[in-house]
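The chain below stands alone, shown as structure tokens; this is the form predicted on its own.
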């Protein structure tokens, strides 16, 4: 009865347009009040104490670092570097967009932030060169999802805290899967560009000297992931401390090296971070309450027993979980889904021998696809806004890229070495 109340209330709230965080909180309170004899304070207390976590401090600092770097000239230099590397190819602007998104993903840790930072420049540029608007906007929308897979990744931080897994291990496990998705997106964009004859006006190759000059100009930006991962795996600082270091570094290069940060932009960056982080923390604490109630009624155990009763084949179990996660990603935001589903699904996959770090990559890769699947595909809405392209056109344009991302997901799922090779090397 309590489980029906929980999910029934959640469904009703989502259908009438209640924000996801409030929907989760109301669902948990309704289920506990009408379906159990537990005190209501249980949910409230769990929501409050869930934020008392040192690793979660990494989230606002990584957000702030990404915003400061976007305003401090990093985005422009990364775009210039990407242009010098692949801009001369057929479909060069789409290639530049994907490479720049991959670079910026290693700075911001956020999918929508990556779309806004890169798409704001590149969507109008592609449309001006006669790229179809739907395709032009779908490229940064799809490539922006890499932002939650290539480190630093905010969902990886949340998964690490929820699953009690090393955040540093999660960061390094996401490197190769993120690059795989980027490469497959580039291949797809190239094929589409050849078909539609999206050729650069000047087809001459960039010289090595020009690439080196662009690389030298962007070197301070490219040092950021090196500092973060090198510091974590060198034992110099924790992931949370790495986030603080990245903020200090962003301030230094933006204000004193690139000289594009002013007191006003720094102030605006802090205000923007406060607003985004407030929303994120509300989602996290109420998602934890929702997940805690599911644990109290032993729903994870029931689901585990049901799935293991269907089959003992790990390939089939992972297939079912992937299909479930793809469906969930269409309707629930990434943060809520990570907090709610981790305690449900992690015991199931570990029973079949799946490493928790590998499952974390599978989980986040699934939910990254949710960024570009309607109706809640956040990246699609961001691309539509910054590129001034109709949402319907982007949905059509993103379909081939979406198919490729799902293909990459199944490679990541069934080839664990992609996620675990670097992690095992540095453990």
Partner chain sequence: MAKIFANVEKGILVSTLVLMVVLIFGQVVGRYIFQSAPSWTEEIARYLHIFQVWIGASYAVKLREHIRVDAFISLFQGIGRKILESISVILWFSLVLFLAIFGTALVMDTISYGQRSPAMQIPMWLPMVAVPIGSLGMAVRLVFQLIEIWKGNYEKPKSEGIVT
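All values reported here derive from a predicted model rather than from experimental measurement. Definition used throughout: the rigid core is the maximal C-alpha set that superposes within 1.5 Å between two forms. Positions refer to the first chain, counted from 1.
What comes next is about the form predicted together with the partner chain, which is not displayed.
- Interface residue among 149, 136, 286, 98 relative to the partner chain in the predicted complex, by the heavy atom within 4.5 Å criterion: 286.
- With the partner omitted from this view, the residue of 278, 196, 216, 130 that lies near the partner chain in the predicted complex is 278 [heavy atom within 4.5 Å].
- Remark: of stretches 304 to 312, 75 to 83, 217 to 225, 239 to 247, the one touching the partner chain in the predicted complex is 239 to 247 (heavy atom within 4.5 Å).
- No member of the trio 353, 404 and 422 reaches the partner chain in the predicted complex with any non-hydrogen atom inside 4.5 Å.
- At the 4.5 Å threshold, heavy atoms of residue 187 stay clear of the partner chain in the predicted complex, well away from it.
- In the predicted complex, the partner chain sits beyond 4.5 Å of every heavy atom of residue 416.
- Contact between residue 271 and the partner chain in the predicted complex is found at the 4.5 Å heavy atom cutoff.
- Taking the partner from elsewhere, residue 267 is found to have a heavy atom lying within 4.5 Å of the partner chain in the predicted complex.
- Interface residues of 28 to 65, taken as those with a heavy atom within 4.5 Å of the partner chain in the predicted complex (partner not displayed): 29, 40, 41, 43, 44, 45, 47, 48, 51, 52, 53, 54, 57, 60, 61, 64, in sequence order.
- Once both forms are overlaid on the rigid core, the distance between the two CA positions of residue 361 between this form and the one not shown is under 2 angstroms.
- Once the rigid core is overlaid between this form and the one not shown, residue 19 counts among the residues whose Cα shifts by 2 Å or more.
- With the core superposed, residue 186 shows a C-alpha displacement below 2 Å between this form and the one not shown.
- Note: residue 325-residue 18 Cα separation is 3 Å or more longer in the predicted complex than here.
- Look at residue 58 and residue 347: in the predicted complex their Cα atoms move 3 Å or more farther apart than in this form.
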